[in-house]
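So this first bit is one chain, no partners, the form predicted alone, shown in structure tokens.
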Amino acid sequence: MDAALTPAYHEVRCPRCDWSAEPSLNPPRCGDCGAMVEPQLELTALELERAQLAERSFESMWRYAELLPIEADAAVTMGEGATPLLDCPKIADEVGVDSFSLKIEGENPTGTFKDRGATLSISAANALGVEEIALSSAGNAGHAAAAYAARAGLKAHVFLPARASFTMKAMVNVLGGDLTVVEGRLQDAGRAFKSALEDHPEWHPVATDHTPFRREGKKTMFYEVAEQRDWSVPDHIVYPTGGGVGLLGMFKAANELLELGWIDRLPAFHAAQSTGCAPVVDAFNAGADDITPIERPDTICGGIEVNAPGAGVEVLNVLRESGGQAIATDDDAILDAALSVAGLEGIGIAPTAAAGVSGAAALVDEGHISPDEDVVVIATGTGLKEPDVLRSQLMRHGI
């Protein structure tokens, strides 16, 4: 077993057909069905008690290193994670629930939750000894990958769609990444990336459908939510959903903590999307087992404009197994939710993140969340990534 792997990481397993293989820094896809595998921890052998965490400084997601597949000593890190969980009483009143909190992922080093996946995927690449990494992205994951690659001394090749914001494109360049801007949308950038991989076998792919370490990093969001609430599980977690990898990671984390006996139940996990790109909502409402791609996605929320989530089967399973829902709201409602959060609570969140807020309000309106229940929304990124979009919405209201 590689020295960079944690002792508890004992195998990888397919979530669809239970195929398994030895633990690895570069796990293969399932040998039977081709799905993305997941690192599995031997929790009974875990040398960590819940009380020990209280003795550790709350300054990085690597405080949970024993629950991650890669050793902290091998981490390429910039202090990601350990983000605030803020009570938002004014938004609770507006949404119509007793308790409403935002997990402020905009306080990560590059401004979004993508840093959690980047630290693990780049750490694995670095431990493998690769020199160049590559991925396609709507923007934020590319920004994060370029930053962590620079931190590790690796070259990053990033493929972004033309519609990605200037900030994201600029920061890939500033961080030393090799940026390719592709006309069209995320799926077009993805095709260009996969074509380039065929010509560059030396590139190590860290796209979300190439490595399970992205979702492993994102599972730490739930570890933190549970600990920040003194291990009291919220009734509902609402997650702005594009590819849905963070949703999968948090559900996995919740089940790990349940098996460890650190929590006593699971929350309901909900997927929030835009009506302009809602393949998960469509499939969930139709009772389908997999996602039908959206031919012409169209939403201002580029971070969740994923027309065909590769892990759609697993996302639908998480929603159904946890008792959650899939909900879509239109872009106006999403942008207005971002303005409400800013104006009422003083917190600037990205349009994509605000889909979770408008989604939570819609879930209350439709009776899926009761007024006496508590809600946590994962605010996936800072409003500083796209302030022009938020300012434009203000101007539409004549402000």
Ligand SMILES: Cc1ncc(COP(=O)(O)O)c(C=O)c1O
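Remember, predicted model here, so these are calculated numbers, not experimental data. The numbering used is simple: start at 1 and walk along the sequence shown.
The form predicted in complex with this ligand is left out here; the points below concern that form.
Three-residue candidate spot 114, 240 and 244; every residue lies within 4.5 angstroms of this ligand in the model of the complex by at least one non-hydrogen atom.
Shown without its partner, this chain lists 327, 160, 124, 304 as candidates; in the model of the complex, only 304 has a non-hydrogen atom within 4.5 angstroms of this ligand. A heavy atom within 4.5 Å of this ligand in the model of the complex is found for exactly one of 171, 102, 138, 316: 138. Note on the interface: of 254-262, 198-206, 138-146, 173-181, the segment with non-hydrogen atoms within 4.5 angstroms of this ligand in the model of the complex is 138-146. Contact annotation for residue 358: none of its heavy atoms lies within 4.5 Å of this ligand in the model of the complex. Proximity of residue 218 to this ligand in the model of the complex falls within the 4.5 Å heavy atom cutoff. Of all the residues from 322-360, the single one having a non-hydrogen atom no more than 4.5 Å from this ligand in the model of the complex is 352.
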